[in-house]
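Given next, in structure tokens, is a single chain: the form predicted alone.
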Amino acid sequence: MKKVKKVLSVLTATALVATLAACGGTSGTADKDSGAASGGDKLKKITLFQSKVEITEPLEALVKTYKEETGNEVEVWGAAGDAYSQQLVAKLGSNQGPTIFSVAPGPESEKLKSYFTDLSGEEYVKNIAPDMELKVEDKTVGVPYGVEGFGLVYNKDLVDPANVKDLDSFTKLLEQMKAEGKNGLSLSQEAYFLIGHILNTPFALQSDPLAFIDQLNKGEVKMADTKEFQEWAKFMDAIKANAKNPMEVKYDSQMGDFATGKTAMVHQGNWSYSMLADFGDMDSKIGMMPFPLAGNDKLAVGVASYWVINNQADADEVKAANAFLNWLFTSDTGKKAIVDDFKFIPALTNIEAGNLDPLSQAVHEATNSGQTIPWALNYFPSGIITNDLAPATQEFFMNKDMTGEQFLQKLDEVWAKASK
């Protein structure tokens, strides 16, 4: 992840809009804001817009508690459907943007960086774990929600991770499960769960993922000519031949079948535990292991979203926004909510992880031990997963005659068009 962050800083430095508003404050400002947020002067009401629908209810509950504790107000805006990014751009473009909003790393943050307030002087950002902040020109502009990770979530009664280490053992497991009337591995039809996450691994295993993506964008390399992708295509052939067609599977049914023992593995992340928990105590039954492409033994771990402050807001709003974020990341109430209510794996060193579910614990341990590969998918061309890669993958699974090799050639084809 360190390499990815450094490259992002270089990329953003070259195209930075000249004047990010210098209203992020200093450490002294942060101390003052903290005092205001704990019973001092009443601060201006602020608005907050964010993309993770699963934390909407606990976030709304938290801002009520914030008002009770500090007297200050935060209005949470909801996004309609999957159109958060489009709605955010529209709001910012019409000067009706929220005070605080969430942004994904990669193309989205690059596109919106002119709206980011410099937070470098704020006390709470000093607790961000190494290389997990969002930076523009060496300025900290975004605070991570937390770390997240994905890989193969497996049923311990059906799968022994020690026996799934490469393509051959992976294929044998799928064949065995099929013979027993079970689904060895489930993907689902949603774009990221169908192709976005699983395609991350061959990119992440390149010696320099961002350089490879840049070369791919320029037409200098092809996935079909690269050994990790060639092996990945064989994994996809094995899934197509031995697992349920993901075009017949939605996320809800994917997780339901896994929770009830009909599916041995799902390619998912720690976020899926919240749905699994609806089926009772799953803690002793599940774990997460790496997707074993090319002998990979690491989980994919990254930051999905960052909190940023809109520098187009007036000075009083920016002050109030910093006060809220300071409260969120330093108060006992805020820290507890991040872990217990949001179910985030903390990305700030002053927040203890507490009792994590088994999937989050696996990600936390991988992060602490450095056994991670980056989320290269964050640096794919904007919109390519939903608009281009997913339709190509749908074709692969719906066309029984299409091979993994042909699928890889199709991905190269759509990538070339999307990156122009």
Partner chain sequence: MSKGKDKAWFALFTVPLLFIFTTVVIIPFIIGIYYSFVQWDGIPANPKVFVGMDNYVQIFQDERFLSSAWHTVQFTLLALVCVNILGLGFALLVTTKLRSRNAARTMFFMPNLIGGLILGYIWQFIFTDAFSFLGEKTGLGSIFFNWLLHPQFSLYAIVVVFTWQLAGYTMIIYIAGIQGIPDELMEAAKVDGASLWQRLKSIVFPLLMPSFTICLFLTLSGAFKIYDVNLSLTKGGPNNATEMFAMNIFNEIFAYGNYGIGQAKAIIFFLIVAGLTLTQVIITKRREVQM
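Positions refer to the first chain, counted from 1. This is a predicted model, so every value here is computed, not measured.
Below, we refer to the form predicted together with the partner chain, which is not included among the displayed structures.
This chain appears without its partner; in the predicted bound form, the one residue of Lys227, Lys218, Lys250, Lys156 with a heavy atom within 4.5 Å of the partner chain is Lys250.
Put simply, of Thr70, Ser382, Gln361, Thr372 only one has a heavy atom within 4.5 Å of the partner chain in the predicted bound form, and it is Ser382. Taking non-hydrogen atoms only, Glu395 approaches the partner chain to within 4.5 angstroms in the predicted bound form. Using a 4.5 angstroms limit between non-hydrogen atoms, Lys126 is distant from the partner chain in the predicted bound form.
Gly354 falls outside the set of residues with a heavy atom inside 4.5 Å of the partner chain in the predicted bound form. Though the partner is left out of this view, Gln86 does reach within 4.5 Å of the partner chain in the predicted bound form, counting heavy atoms only. Only one listed stretch (283 to 291, 109 to 117, 163 to 171, 178 to 186) carries heavy atoms within 4.5 Å of the partner chain in the predicted bound form, and that stretch is 109 to 117. Contacts of stretch 301 to 319 with the partner chain in the predicted bound form, defined by any heavy atom lying within 4.5 Å, are made by none of its residues.
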